[in-house]
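We begin with a single chain expressed as structure tokens, specifically the form predicted on its own.
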């Protein structure tokens, strides 16, 4: 573990891009943990004497059309966005890894049928499927997490399945079969741990994508509901204000969203390089 962390840090230090992604990701994780406590104002408080104020020393990012401090809301939003993204991604990894190792190990009609169903789910636009499912199941954060988690399962299932195809032909798997290990033990104690590397690498990339998906659903009104501090919802309520010159209302949450997605995407690429010695 120490060697891995040391190699990872050396890889990050060698690239300004990776260092930028690392620092930005750490900042967003800190905001996820304590962002609401760092906010100078209550992110849900409306000051009726401070409507549509431009950025100033008192309100760094200005205020919105109902008098809420935008800076406080922007740094509080990671608590919602990252929580949804992390939990949904964990659901995807767990279910996708199990299905991936099963469909990759067994060679019969039902494993192929399951693999084709997973591929079929991935063919359809995730945004449309997620939006429809949230509307049907009910618009709340719990349903949002479950829906996004389920619809991202094929991503990890395909990654793990492709790795299983190579691992199942390995000598140590043949040895495990010859010594009388059950299929369950071979799958979950030998093949699965050796097939998770692609899922680890993809986790950071998908995390950024899920944050973007959550914000997109909130933007069209089927995600997190206002006045909750969430980037997509803030952008949605702020876009009409651009037409009357209040550009700061959607711009700052939009920049925060873009930077967050970019940061985790960069860290995914960095992790890919760290865990693949042939690319060092």
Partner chain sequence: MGKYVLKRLFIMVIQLLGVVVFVFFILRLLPGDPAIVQAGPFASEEAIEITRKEMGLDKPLFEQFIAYMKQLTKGDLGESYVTGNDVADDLRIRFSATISLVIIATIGATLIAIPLGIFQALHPDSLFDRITNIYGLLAGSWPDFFVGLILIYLFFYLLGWAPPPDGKMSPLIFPPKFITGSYLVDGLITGNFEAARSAASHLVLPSIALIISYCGVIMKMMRTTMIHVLESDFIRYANLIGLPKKVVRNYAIRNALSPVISLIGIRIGVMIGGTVLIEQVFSLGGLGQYAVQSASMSDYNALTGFLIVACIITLVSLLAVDLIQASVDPRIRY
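Numbering follows the first chain given and starts at 1. Worth saying up front: this structure is predicted, and the values here are computed from it rather than measured.
What follows is about the form predicted in complex with its partner chain, which we do not show.
The contact residue chosen from 239, 66, 38, 29 relative to its partner chain in the predicted complex is 239, the criterion being a non-hydrogen atom within 4.5 angstroms. Interface residue among 127, 200, 172, 106, judged by heavy atoms within 4.5 Å of its partner chain in the predicted complex: 127. Proximity of 33, 101 and 114 to its partner chain in the predicted complex is absent: no residue of the three has a non-hydrogen atom within 4.5 angstroms. None of the heavy atoms of residue 267 is located within 4.5 Å of its partner chain in the predicted complex. Under a 4.5 angstroms non-hydrogen atom cutoff, its partner chain in the predicted complex has residue 123 among its neighbouring residues. In the predicted complex, its partner chain stays beyond 4.5 Å of every heavy atom belonging to residue 140. Residue contact with its partner chain in the predicted complex: residue 19 places no heavy atom within 4.5 Å of it. Shown here without its partner chain, the chain has 212, 215, 216, 219, 220, 222 in 202 to 223 lying with a heavy atom within 4.5 Å of that partner in the predicted complex.
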